[in-house]
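Shown next as structure tokens: one chain only, the form predicted alone.
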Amino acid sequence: MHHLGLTRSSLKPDHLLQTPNTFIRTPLPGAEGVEFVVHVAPQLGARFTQMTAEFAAGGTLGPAPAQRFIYLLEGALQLTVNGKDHTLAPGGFAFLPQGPPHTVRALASSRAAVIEKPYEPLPSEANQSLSICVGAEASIASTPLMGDDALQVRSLMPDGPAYDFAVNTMTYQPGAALSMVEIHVMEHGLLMLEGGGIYKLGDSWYPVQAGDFIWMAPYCPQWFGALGKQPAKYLIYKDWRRHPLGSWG
């Protein structure tokens, strides 16, 4: 059925809202039995790549040319790294530094959010190494954002000066909202996981729901409020802990 070109998707100079009715799948090198929805990439001006990887049972994902973060949306994945096997269930995640060889194999038909970013070392960190991290979101304690118990954050990445990006989940109870319109130097990739609400991006207002993807460029004005009778939840990336002028020390 044709919908006469109607979509909630929108591309502006400082943001992208990409809704599932505009997703296009593509194969990528290094993967077998996997199709990718490439949500954002350097071609748009981003300094990272975020994709949804859709695995057939037995599909495999090989090493990345950058740091990689994986969050399992549905299905089951087996991650093999440094000779060890790890099984990811929905809500499971893994951070893989740039360099260590690894493979990801689908134990069943699966979908995963995949974030990749070239590492930005600092001279003072030349001899530091990043740790592989495998975990489950449910095992991480949540903390209220700015003291608001209706807005809970779970930090999925290790933190410390060596790490140059962060990935969190944020859960809003119905009616909860950010306490301010944020404008900052970090850029974001955001995947709506549950529920919905209203997002302000730049000078535009968008209804958003589970399955939508949002990219926010540095300094894009941004605000979210949850609507409906169920909590709203999203997975959000930001670059982190690096000077705007680049590596120095």
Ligand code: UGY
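Numbers for residues come from their place in the sequence shown, where the first is 1. Given the structure is predicted, the values throughout are model-derived calculations rather than measurements.
Missing here is the form predicted in complex with this ligand; even so, the following discussion is about that form.
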TODO: Name the single residue among Y199, F48, F69, W215 that comes within 4.5 Å of this ligand in the model of the complex, judging by heavy atoms.
DONE: Y199
Task: Complete contact of Y172, E182 and K238 with this ligand in the model of the complex (any heavy atom, 4.5 Å) - done: yes
Task: this ligand in the model of the complex: contacting segment from 174 to 182, 92 to 100, 136 to 144, 74 to 82, heavy atom within 4.5 Å - done: 174 to 182
Task: Any non-hydrogen atom of T52 within 4.5 angstroms of this ligand in the model of the complex - done: no
Task: Any non-hydrogen atom of H39 within 4.5 angstroms of this ligand in the model of the complex - done: no
Open item on the list: Pick out the residues of 217 to 236 whose heavy atoms come within 4.5 Å of this ligand in the model of the complex.
Closed with: Q222, Y234, I236
